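Take a look at this single chain, the form predicted on its own, given in structure tokens.
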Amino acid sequence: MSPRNGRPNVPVTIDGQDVKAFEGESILELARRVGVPIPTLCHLEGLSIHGGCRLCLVDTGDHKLKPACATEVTAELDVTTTNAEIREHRRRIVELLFAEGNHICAFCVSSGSCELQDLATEHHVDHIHYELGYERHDVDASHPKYVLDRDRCVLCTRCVRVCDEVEGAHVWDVAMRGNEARIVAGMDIPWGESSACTWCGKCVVVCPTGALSFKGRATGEMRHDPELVAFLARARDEGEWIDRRAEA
């Protein structure tokens, strides 16, 4: 999280608007603070920066688009968050994500509460120009409480990071590379056999699609709560659960 001591004092231009940024603030943080929308999928406040989805790429004037989530502001930086090239870039990324998985919204447990679905609507993706290239995987329903459907996973690694950085269990990881990359529990064992899992459900509530869900949910019934991580991170930073009487 960016430092918030004192006033922002770094002059930046974002979409023609002159604003002041905090030192160390990312372009994405600045944009959200001043009300400029930039789409994301892998980014989640309270977790480390991944920069994998590339939906937040912006133009900083040096002929190379940069991820807003992982680029710190500098004095006199001139940022363009949207233009024809950037919009087309984002639309194609969303299309590719649909082509690489089984994202048939009408049959998805998270339909209506899916960030990929929302991105498709926002970027006018109503059909796919690319050949479907995903390999079907079996659904892992071995856990008594949760279900993993890898065909709907977009490899955002939110589940990996929240389990490691917030819960401290490190149940999840990414195995293999390229088209063979997939989320795995433990050393690629059924989720229900992982002794490290605490059943906290944080990975499920931060998943942006229907890849992780609660058992017993029908199509359209799964609701995610990605804001939970930011709440927990702030509470920890502020020592909200510390018994102050013990410090007296």
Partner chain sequence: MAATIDLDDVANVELEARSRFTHRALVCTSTGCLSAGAANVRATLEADLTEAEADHDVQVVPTGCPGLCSRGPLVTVESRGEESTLYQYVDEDAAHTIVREHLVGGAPVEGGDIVPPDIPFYAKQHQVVLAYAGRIDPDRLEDYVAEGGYRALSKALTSMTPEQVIEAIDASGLRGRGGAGYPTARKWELLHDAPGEHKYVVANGDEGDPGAYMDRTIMDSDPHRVLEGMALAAYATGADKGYIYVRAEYPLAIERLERAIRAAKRAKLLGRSVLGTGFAFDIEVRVGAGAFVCGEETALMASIEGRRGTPSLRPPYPTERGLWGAPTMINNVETLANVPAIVGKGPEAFAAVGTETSKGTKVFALAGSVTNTGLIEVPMGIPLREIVFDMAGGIPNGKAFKAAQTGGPSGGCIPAAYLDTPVDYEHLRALGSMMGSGGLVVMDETVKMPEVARFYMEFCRDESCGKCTPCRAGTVKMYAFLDRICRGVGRKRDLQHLESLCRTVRETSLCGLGQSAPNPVFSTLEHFREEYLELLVEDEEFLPAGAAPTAPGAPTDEAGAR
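Numbering follows the first chain given and starts at 1. In this text the structure is predicted, and so the values were computed from the model without any measurement.
Keep in mind that the form predicted together with the partner chain is missing from the display, and what follows is about it.
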Is there a non-hydrogen atom of residue 145 within 4.5 angstroms of a non-hydrogen atom of the partner chain in the model of the complex? no
Partner proximity in the model of the complex: residue 200 to the partner chain, non-hydrogen atom cutoff 4.5 Å: no
Answer with yes or no whether residue 53 is in contact with the partner chain in the model of the complex, where contact means some heavy atom within 4.5 Å. yes
Does any heavy atom of residue 130 come within 4.5 Å of a heavy atom of the partner chain in the model of the complex? yes
All three of 167, 233 and 239 touching the partner chain in the model of the complex at 4.5 Å, heavy atom to heavy atom? no
Check each of 160, 154, 77, 119 and return the one that places a heavy atom within 4.5 angstroms of the partner chain in the model of the complex. 154
Residue stretch of 201 to 209, 214 to 222, 64 to 72, 32 to 40 approaching the partner chain in the model of the complex, non-hydrogen atom distance within 4.5 Å: 64 to 72
Taking only heavy atoms into account, state which residues of 186 to 201 are within 4.5 Å of the partner chain in the model of the complex, ordered by sequence. none
